[in-house]
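Heads up, the chain below is alone and in the form predicted alone; it's given as structure tokens.
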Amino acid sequence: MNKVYDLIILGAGPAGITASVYAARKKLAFLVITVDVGGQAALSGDIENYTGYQFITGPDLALKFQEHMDSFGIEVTMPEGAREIVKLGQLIKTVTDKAEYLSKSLIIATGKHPRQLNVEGEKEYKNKGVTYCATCDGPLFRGKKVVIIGGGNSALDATLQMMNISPEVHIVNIASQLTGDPVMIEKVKSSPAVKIWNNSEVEKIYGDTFVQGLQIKQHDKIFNLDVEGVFIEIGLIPNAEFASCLEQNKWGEIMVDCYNKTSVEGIFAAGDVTNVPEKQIIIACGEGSKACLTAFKYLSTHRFLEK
């Protein structure tokens, strides 16, 4: 832990990768610490709203991001997850599950992870029919009946992927109507393979060795859906549990201002882990660039004592 970096970037999703490219161009001595490369972008399906690409898949866009990062020879340690951050005078100590690091500044771009239903059978059948990623696991359910839990863009994205390969796709939505992008809703509703269950919630998931179905409640009536795949798409939780020293909102998102500054000097945050409105890939990229530019200005305007 003797080396002191100018900057450490936690996470290598759209925000973290963009921050790293800017840091490389600013010739900073920095390190990227991450559990993976691509983040939620790598788990997305078809992307039609990222400027410069009329159409690209999430994995392909994540690969483009990584190629851009690799072109600068950026130092990345992976897989490695943050466990704690501590402000030590002018420096910041980052504790991971493998080591400890010191830096003059820090950008947190750790994104989010899928929210769980917490119903009977969910844990028992995880990876046995229950999944949280249609992009990753969807092809495994080709020709099988499936259900998508949720009503926002994540659920709609999963539905659009599955309705092309599954004979029957159910959407179980706790709200009174779907709440995602209107274009996506229109595509989903136009498919004869899709049945939408609004005002419904999951009671339990059942099966034998693998999922055989789930029980839902709609208007006090119980229904059993015979499916072999359950895709849970009910939102994401910020990966910010290690950042308890920073101000967070009621959803656990790190609070930042328009310059990506957190409540602790020298620590910045960007992307889905923050309170920035709208969780979009292109927004995360912009936030990552802003965070790095602000960090660079911070480093340029502060005098650090030699250790």
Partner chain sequence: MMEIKIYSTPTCPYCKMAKDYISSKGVSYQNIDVSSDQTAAEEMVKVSGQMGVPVIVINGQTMVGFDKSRIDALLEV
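Residue numbers count along the first chain shown, from 1. Worth saying up front: this structure is predicted, and the values here are computed from it rather than measured.
What comes next is about the form predicted in complex with the partner chain, which does not appear here.
Residues with any non-hydrogen atom within 4.5 angstroms of the partner chain in the predicted complex fall in just one of 36-44, 271-279, 244-252, 257-265: 36-44. Remark: all three candidate residues (79, 136 and 140) come within 4.5 Å of the partner chain in the predicted complex, counting heavy atoms only. This chain appears without its partner; in the predicted complex, the one residue of 87, 144, 204, 187 with a heavy atom within 4.5 Å of the partner chain is 144. Comment: the partner chain is not present in this chain, but in the predicted complex one of 123, 217, 93, 128 has a heavy atom within 4.5 Å of it, namely 128. Residue contact check for residue 63: one or more of its heavy atoms lie within 4.5 Å of the partner chain in the predicted complex. Within 4.5 Å of some heavy atom of the partner chain in the predicted complex lies at least one heavy atom of residue 210.
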